[in-house]
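Only one chain is included here, represented as structure tokens and corresponding to the form predicted alone.
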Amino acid sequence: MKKHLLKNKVHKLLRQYYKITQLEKKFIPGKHKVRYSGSFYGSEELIQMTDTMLGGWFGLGIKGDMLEKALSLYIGSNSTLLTNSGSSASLLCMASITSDLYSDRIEKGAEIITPACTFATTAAAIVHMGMTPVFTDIDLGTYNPNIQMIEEAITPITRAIFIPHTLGNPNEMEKIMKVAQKHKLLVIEDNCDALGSEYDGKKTGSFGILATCSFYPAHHITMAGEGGAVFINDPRLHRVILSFRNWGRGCWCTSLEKDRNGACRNRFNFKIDDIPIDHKYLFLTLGFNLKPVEIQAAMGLAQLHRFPTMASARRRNFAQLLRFFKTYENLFILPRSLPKANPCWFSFPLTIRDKVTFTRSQITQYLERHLIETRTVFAGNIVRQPALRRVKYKISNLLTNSDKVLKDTFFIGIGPHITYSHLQYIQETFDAFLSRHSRSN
């Protein structure tokens, strides 16, 4: 059988297999789990990944290059580099701005403003690169710091703001960028939760000099389980981040180059102490290996193609749950966004109000017993976490709301896997629990 006919047969079988598995997944309330998130894909992803594997090239190649270009176009960034996770993307951002390879580098020991309500590896990237995180509080409902909180955290040795768009909810980027310009601060966006979110008609991830994205299965799209990206808006940082991602080597030539002399046309003419050396083994910094592989990029391309539909489902599910929980606004602080923000929410967060007659543990355990998955908002107040006990950090003012999140906030899923049947069951289950409780005076 000719190769192209055999490939078509494989594609047909993959589509048939996917259709059968989807029929087996019909949701039965009370029997099947309502996942807070998870991978959401179709037969096209399976086909793209299979074709890539059969092609025999496993390291980043044509699909990786295509996905990087597609993400840059979608976000509006100058360029994009894929990574093996969103956490690695954060590490690369912090490594690059402190590197001797960057002409406007930040000195070690400098202060970086970031909220205390965060994910662990956002803070970890700051600490691992020898800088001091300065933690601000957040507003309840948006789960982001307001501009006053950020300004109060600025000191003479502040050099950057590392700002997460928490749960996909955009920060007030117009004011943040003005404050950063006034104080000559770099802005790096943690966009891991926020693919597709916009502020004032502009995609989050396109405001700062750098931004991160995560393609972990729980996030908006995935790259076969893990994956991430750095969105680069300062062209000087592209080769710096490329070097750190690729072992620290000085070669910027890609695997797509056919010429043995590479993209630079000068691969074998570099020297160390007058000794000729292959540019691929010239190391400019002590870097890492934080690359994904080609099969992940193949899935990412297919996911990005279907993302408008997935984003629409997220917004629809969020809106439905917001209408439902308006009935219980006396019990919960409901999520809210800023006037110029158009979030592509990661999840639906709820914060239990003070003096309510039930605890977070009681309601989340009830939901989990009824097979509705819940999660807390990541680290809550990260300075309370054991990992921070021996870390040098500063606190800007009280972290009252971050403590409230640590104690009283949880979220449920709104991803594209959530259907009308799921929403009905979620609402019925909340009604059954909440009907027995009322706000205490």
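The structure presented is a predicted model; accordingly, all values stated were derived computationally and were not measured. One-based numbering along the sequence shown.
Keep in mind that the form predicted in complex with a small molecule is not shown, yet the notes after this line are about it.
Annotated contact segment (heavy atom within 4.5 Å of the small molecule in the model of the complex): 185-193, selected among 105-113, 201-209, 185-193, 287-295. This chain is drawn without the small molecule; in the model of the complex, the residue among Y74, F318, F119, W247 with a heavy atom within 4.5 Å of it is F119. Put simply, of P343, P133, G86, P349 only one has a heavy atom within 4.5 Å of the small molecule in the model of the complex, and it is G86. At the 4.5 Å threshold, heavy atoms of H219 reach the small molecule in the model of the complex. In the model of the complex, at least one heavy atom of F378 sits within 4.5 Å of a heavy atom of the small molecule.
Using a 4.5 Å cutoff between non-hydrogen atoms, P145 does not count as a contact of the small molecule in the model of the complex.
Heavy atoms of S214 reach within 4.5 Å of the small molecule in the model of the complex, making it an interface residue.
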